[in-house]
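In the form predicted alone, a lone chain appears below as structure tokens.
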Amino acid sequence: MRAHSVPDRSYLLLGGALAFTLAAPLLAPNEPDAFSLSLRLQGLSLEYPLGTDHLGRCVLSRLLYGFHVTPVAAFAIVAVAASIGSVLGLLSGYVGGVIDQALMRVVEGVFIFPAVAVALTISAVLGLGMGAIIVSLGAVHWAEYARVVRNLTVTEKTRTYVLAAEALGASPNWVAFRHILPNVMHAILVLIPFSMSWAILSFSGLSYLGLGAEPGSSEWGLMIAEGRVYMRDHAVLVLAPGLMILSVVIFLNTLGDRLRDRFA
């Protein structure tokens, strides 16, 4: 089997991001949900480094606790999409024939329609809420993984190590998941950071519209929606979560570029 390894620098980037995500609540100066109307719309201070929102809640604390909402929801979306898409792509590429043609037509059909619009339709059936949005966005994003994995599987199944495993009597499932999948995993790893970026932007956008996170949550898109009314006099209520989303998306795209360069 051919082996691929993730570069050490990318491991450090990913490890640092995970460590910060886990430690973010420990860095919060206040409870994110503690509110006091007497402290509403306070300016920057030592106790409230980014001020308070319209309910007197600490903006910085809510931003940090948001790492357990927005990126976690995005990861769940990507996990759903990657699992469904990778399995279907592997099946399509390895089996071929009518199954391959049928699945690829479905993939092409998914790409025709805007993903967010389809997700809204699915969520309308499932009902509003974070769980429904995660399932909806994951259900429309699987096609990207299916297409990439399928194309690589078509190439891999003609290689010597696959033909040797088949000649020795290995079952199709064993060949596909034990031999081919590990050798296309590098493409999945490259795609995941870019998918996370898309998922964060999509989930935050839906939360901004009131269709994602529940009201009162520390979700960044929802924070922007709550702060937009006060943007003229308290711009930090919108700029802080907006810049947080931008920073995380830039980080994920940088990580994806590093992985892509490594495996190119």
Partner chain sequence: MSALVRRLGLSLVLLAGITVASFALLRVMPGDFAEILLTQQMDGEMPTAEALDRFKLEHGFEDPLPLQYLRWLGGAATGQLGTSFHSEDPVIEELVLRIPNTVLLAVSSIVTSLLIAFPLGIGAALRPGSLFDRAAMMIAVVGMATPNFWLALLGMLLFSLTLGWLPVSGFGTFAHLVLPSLVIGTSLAGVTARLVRSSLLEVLSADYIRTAHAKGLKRIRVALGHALPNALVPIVTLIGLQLGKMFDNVVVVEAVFGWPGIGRLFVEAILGRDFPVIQGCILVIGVAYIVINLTVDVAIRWIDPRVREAL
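Residue numbers count along the first chain shown, from 1. Bear in mind that the values here come from a model prediction, so they are computed numbers and not experimental data.
There is another form of the same protein, the form predicted together with the partner chain; it is not shown, and what comes next is about it.
Per the 4.5 Å heavy atom criterion, the partner chain in the model of the complex is contacted by stretch 200-208, the sole one of 200-208, 44-52, 23-31, 65-73. Though the partner is left out of this view, Gly109 does reach within 4.5 Å of the partner chain in the model of the complex, counting heavy atoms only.
The shortest heavy atom separation between Val116 and the partner chain in the model of the complex is within 4.5 Å.
Within this chain, Leu255 is remote from the site of the partner chain in the model of the complex, having no heavy atom within 4.5 Å.
Not displayed here, the partner chain is approached by Ile250 to within 4.5 Å at the level of heavy atoms in the model of the complex. The partner is absent here; in the model of the complex, the one residue of Ser171, Ser83, Thr121, Thr158 having a heavy atom within 4.5 Å of the partner chain is Thr121.
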